[in-house]
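Let's start with one chain on its own, the form predicted alone, as structure tokens.
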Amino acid sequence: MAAGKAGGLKRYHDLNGWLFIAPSILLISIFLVYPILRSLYLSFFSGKGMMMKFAGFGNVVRLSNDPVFLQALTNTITFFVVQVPIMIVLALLLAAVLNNDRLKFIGFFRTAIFLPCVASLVAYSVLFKSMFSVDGVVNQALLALHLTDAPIGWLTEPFWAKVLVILAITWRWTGYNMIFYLAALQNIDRSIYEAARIDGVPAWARFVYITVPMLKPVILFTTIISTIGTIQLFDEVYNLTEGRGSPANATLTLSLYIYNLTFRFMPSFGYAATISYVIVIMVALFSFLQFYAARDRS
């Protein structure tokens, strides 16, 4: 009798648990699982709407013969290789400087550096386009300092357009990573630094051999989320180039190319879905390599 009542009570609690998480499971299924499965299904088809036809691995073969895709892939990898290390190192150095409580106006500096990542994306894109236009304040400053003989075409020359995108991403997201480093730095036991200082260890050595190793988990985390964000780069390029990835596709990324294939050019949902899995593979590969490089070799 008691065993039966206990069993019934357990089933009642189990049912309540499933009812409690059912809305979350439903939402995840609708907005995460279904799109993943649907995009995988679409990747085996070409065309659109009623004109879609089975293409097998035709979209995969098309990738290697598509110069625009290869350009977008090259641009995405370039942004990842150049921008992520700059942002991680800069955020770490800023956190180390702003971890000094004796610094005046420390709250102002922390807020000012973090503010861009919560600012309006449209507002900051308009600001950058204005600052880096041919007659913008940046070119005027460079001319006044005699660092260039003519205005730089930040939005019209392929090389400088890439530089502008990297500057925009770095300016927007460095403060976000800095906050993680600040929180981690404030949790390091000060007695470790004091002992090293008493032993005569210079400041640079304390930073390299104490601070950096103790921040290893946070560095790994920020590197991975920065990698994911850069490989999925879309917002900054879309707003700075009005969705074109100009000039001459010099700033076109994989995410922007997917958008154009789906909503701007002749729709090709299957091909766009195939490219989205290229992004998935890249994120998984680079994340694995970062985990492997950061593993505990002891």
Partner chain sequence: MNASRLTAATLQYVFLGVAAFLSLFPFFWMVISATNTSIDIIGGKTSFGGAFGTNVTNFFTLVDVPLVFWNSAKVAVLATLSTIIVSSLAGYGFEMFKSKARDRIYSLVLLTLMVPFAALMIPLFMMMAKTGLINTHVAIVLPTVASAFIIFYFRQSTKAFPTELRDAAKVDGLKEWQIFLYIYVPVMRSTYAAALVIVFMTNWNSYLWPLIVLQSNETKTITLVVSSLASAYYPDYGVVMIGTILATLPTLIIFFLMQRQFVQGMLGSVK
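Please read all numbers here as calculations on a predicted model, not as lab measurements. Numbering follows the first chain given and starts at 1. Only the largest set of C-alpha atoms that superpose within 1.5 Å between the two forms is called the rigid core.
Form predicted together with its partner chain: not shown, discussed below.
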Interface segment, criterion being heavy atoms within 4.5 Å of its partner chain in the predicted bound form, picked from 145-153, 223-231, 80-88, 158-166: 223-231
Using heavy atoms and a 4.5 Å limit, would one call residue 263 a contact residue for its partner chain in the predicted bound form? yes
Would you please decide whether residue 71 lies within 4.5 angstroms of its partner chain in the predicted bound form, comparing each non-hydrogen atom pair? no
Against its partner chain in the predicted bound form, would residue 45 count as a contact residue? Criterion: heavy atoms within 4.5 Å. no
Is the gap between residue 130 and its partner chain in the predicted bound form 4.5 Å or less for some heavy atom pair? yes
Across 118-133, which residues bring a heavy atom to within 4.5 Å of its partner chain in the predicted bound form? 118, 119, 120, 121, 122, 123, 126, 127, 128, 129, 130, 131, 133
Threshold 2 Å Cα movement between the shown form and the other one for residue 284, core superposed: no
Rigid core fit then residue 27 CA moved by 2 Å or more between the shown form and the other one: yes
